[in-house]
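Given next, in structure tokens, is a single chain: the form predicted alone.
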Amino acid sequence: MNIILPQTIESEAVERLEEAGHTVVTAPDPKPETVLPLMKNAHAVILRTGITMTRKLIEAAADLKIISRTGGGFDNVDVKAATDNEVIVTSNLGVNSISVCEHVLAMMLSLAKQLPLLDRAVRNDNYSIRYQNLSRDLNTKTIGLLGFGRIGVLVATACQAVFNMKVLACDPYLADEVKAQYAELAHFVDKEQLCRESDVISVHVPLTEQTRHALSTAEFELMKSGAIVINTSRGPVIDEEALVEALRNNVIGGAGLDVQSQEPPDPESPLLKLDKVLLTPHSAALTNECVTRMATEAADRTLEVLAGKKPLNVANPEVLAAQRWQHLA
């Protein structure tokens, strides 16, 4: 069968697909107008983040069976359109969790210890900055987690074990029985208490209409003046205009952003001019090891469907009720 790659994926994953006898077609670029003519004969699409799989693209395929995301999210897939056309959508929940957790810890430590500032000072012959005692300890401080899924649990575990931090978590969608399982790890609170009491707040929620601008002016004004905010989820979960104002006015202490509302950010974005902001290019999961895991897992989900097996991590499970999928083992 024909498997379309709007963007290249790691060779290990391509080899798996070809060894199974399938034809892999890689688009010259991920522009919709380039990918569209390739969709006609597509049986599967393995999707990274460089293109949105729209209804137009999905309906251009005569016999599309699966859209397999390399990452854990699927906000660049029109899931409703896929479901309407009886196309299975899968994602790689959990495959990048430890890599993102490490990125959160790196940002948290870098901001608490003021590493970018101290590095610049040493390079500019300002060695005496050491006497200003700008760094802060994380030991016994409070980490607040907005969202307590796989990544949140890993971050909580690491912070408690290594830094003896108190863990607060806010996740209104988490079942009570699941919260009970983590009673010794985290204290579950509402968002207001999380903002008031946390020294570090790390965001781990998907982007939905309910989570858009989940942290804005009201939330920043509740935070401690030295609070650090870290976002490795999706940019619009944080109101960037409100964040800029909070940083400019010393309402909070700093921010580590792996994601931004516009990616890449506008060259005139005020975020680029603030010393209190640590920016990375949506790369928390893009370690050498993790990208290979994501690609091979996405290939495996594709191979499962093409071999007549029910895949893991189906984002639209209702589609499995369609007659075309009753044969899945």
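Just so we're clear, the structure is a prediction, and the values are computed from it rather than from any experiment. From 1 onward, residues are counted along the sequence shown. Each form is matched to the other, and the largest set of C-alpha atoms that superpose within 1.5 Å is called the rigid core.
There is also a form predicted in complex with nicotinamide-adenine-dinucleotide (NAD); it is not shown, and the following applies to it.
- The closest heavy atom approach of R234 to nicotinamide-adenine-dinucleotide (NAD) in the model of the complex falls within 4.5 Å.
- Proximity of S198 to nicotinamide-adenine-dinucleotide (NAD) in the model of the complex: non-hydrogen atoms within 4.5 Å are absent; the residue sits far from the partner.
- nicotinamide-adenine-dinucleotide (NAD) in the model of the complex comes within 4.5 Å of a heavy atom belonging to V259.
- Contact annotation for R150: at least one heavy atom lies within 4.5 Å of nicotinamide-adenine-dinucleotide (NAD) in the model of the complex.
- Only one segment in the set 216 to 224, 117 to 125, 180 to 188, 93 to 101 has residues whose heavy atoms sit within 4.5 Å of nicotinamide-adenine-dinucleotide (NAD) in the model of the complex; it is 93 to 101.
- Scanning M107, V155, V77, L146 against nicotinamide-adenine-dinucleotide (NAD) in the model of the complex with a 4.5 Å heavy atom cut-off leaves one residue, L146.
- Between the options V251, M165, V205, A242, the residue in contact with nicotinamide-adenine-dinucleotide (NAD) in the model of the complex by a heavy atom within 4.5 angstroms is V205.
- Scanning 164 to 199 for heavy atoms within 4.5 Å of nicotinamide-adenine-dinucleotide (NAD) in the model of the complex gives C170, D171, P172, Y173, L174 in sequence order.
- After superposition on the rigid core, displacement of the C-alpha of G72 between this form and the one not shown amounts to 2 Å or more.
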